[in-house]
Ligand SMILES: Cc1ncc(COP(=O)(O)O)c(C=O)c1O
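Below, in structure tokens: the form predicted alone, a single chain.
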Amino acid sequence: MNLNLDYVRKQFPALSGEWTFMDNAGGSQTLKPVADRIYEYLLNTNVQLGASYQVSRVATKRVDDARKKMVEFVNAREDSEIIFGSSTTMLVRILSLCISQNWKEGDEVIVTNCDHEANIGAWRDLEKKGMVIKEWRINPDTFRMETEDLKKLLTDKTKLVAVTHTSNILGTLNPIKDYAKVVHDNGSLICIDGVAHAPHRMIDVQDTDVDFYVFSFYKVYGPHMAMMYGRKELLLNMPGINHFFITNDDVPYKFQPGSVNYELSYGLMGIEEYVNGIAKVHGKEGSFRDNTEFSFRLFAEHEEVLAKTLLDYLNPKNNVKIIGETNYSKDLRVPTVAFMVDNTKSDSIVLKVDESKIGIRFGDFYARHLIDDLGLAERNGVVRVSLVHYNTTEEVNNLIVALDKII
């Protein structure tokens, strides 16, 4: 079954403009149903939650309903496991500050050299408290995180492993379920950065058996906010960061200082409307979770076509090196494609593509350790084309025409 792109693109007003958006890993375009709900909340229920009067009761329900829908979206067990925040960076920082209060000097944390700094920096800072930070490095030949390398780093002092589900540069789908088993067999915890994964694949925190999972909604067609899933028993057993009178049992509130952004939370209901609409227009109707599984399967199949179109152009070129998986298979990668061109700085390519009103990007994308370790910093990082399901093969072919004049 082919994805109904006419329906899809009508849900994103920005796509009717003159620019083609291929910098989606930096931030997707926003769904109209999301914007409509933010507008509706601010104009009609912009009050503090928890009061007895009717408007406050409506506002409270709107925010609560959004949290419940996100339980379904990631397949958590209950809404107390869903923590909202301003960004993935902030939520990981809060987690590191809270969970490390139960750790002691000499305890170990493993980070990778290919994650976004959001899932590295907060853990590295724990060195100041006497904890040991180890680095799990990608295989520079395959651009993959080797499980055997992880096993060599684990010890009885390892408290947590922080790793990405999908790199925002490499685009490779990491076997998180396998990683989680290895980590748990060692008696340790695992924290997943799903920011570059969530726009492309359905999240299932129970099936992958992760302890913490973090991503940002502005990469998933929603508002500029983020969420973190955490196992309830883990959240209960660590101190929070909120006011002194917020009890330790009050999860997720004890991790949400200043409360959440109400209107953006309600905006998340627009994601549910979109996913349900996708299923309906393709002749399927079920629960939100069922519709999520169906829709993201369609997204992956369409994105595989997009990735194939671009990689079939780039791979044969002797002067181009793909930084990541060269195979277009949806089982191996998402359509976030980074590359280098021999004897050419990445910014010069992107600036010329700008002239065709196609938005791509160059740089390190906050995966600074990866770019430094690959020796690409002085080339101004990589050229990155990050596609999502609302892109079309026609748009990719237009990009190819633009690139063909340059490389």
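Don't overthink the numbering: it's just position in the shown sequence, from 1. Just so it is clear, the structure is predicted and the values come from calculations on it, not from any experiment.
Just so you know, the form predicted in complex with the named molecule exists too; it's not on screen, but the next bit is about it.
Per the 4.5 Å heavy atom criterion, the named molecule in the model of the complex is contacted by stretch 85 to 93, the sole one of 248 to 256, 289 to 297, 152 to 160, 85 to 93. Mapping the unseen interface onto this chain, residue 333 falls outside it, with no heavy atom inside 4.5 Å of the named molecule in the model of the complex. At a distance threshold of 4.5 angstroms between non-hydrogen atoms, residue 219 is in contact with the named molecule in the model of the complex. Among heavy atoms of residue 193, some come within 4.5 Å of the named molecule in the model of the complex. Mapping the unseen interface onto this chain, residue 118 counts among the residues with a heavy atom inside 4.5 Å of the named molecule in the model of the complex.
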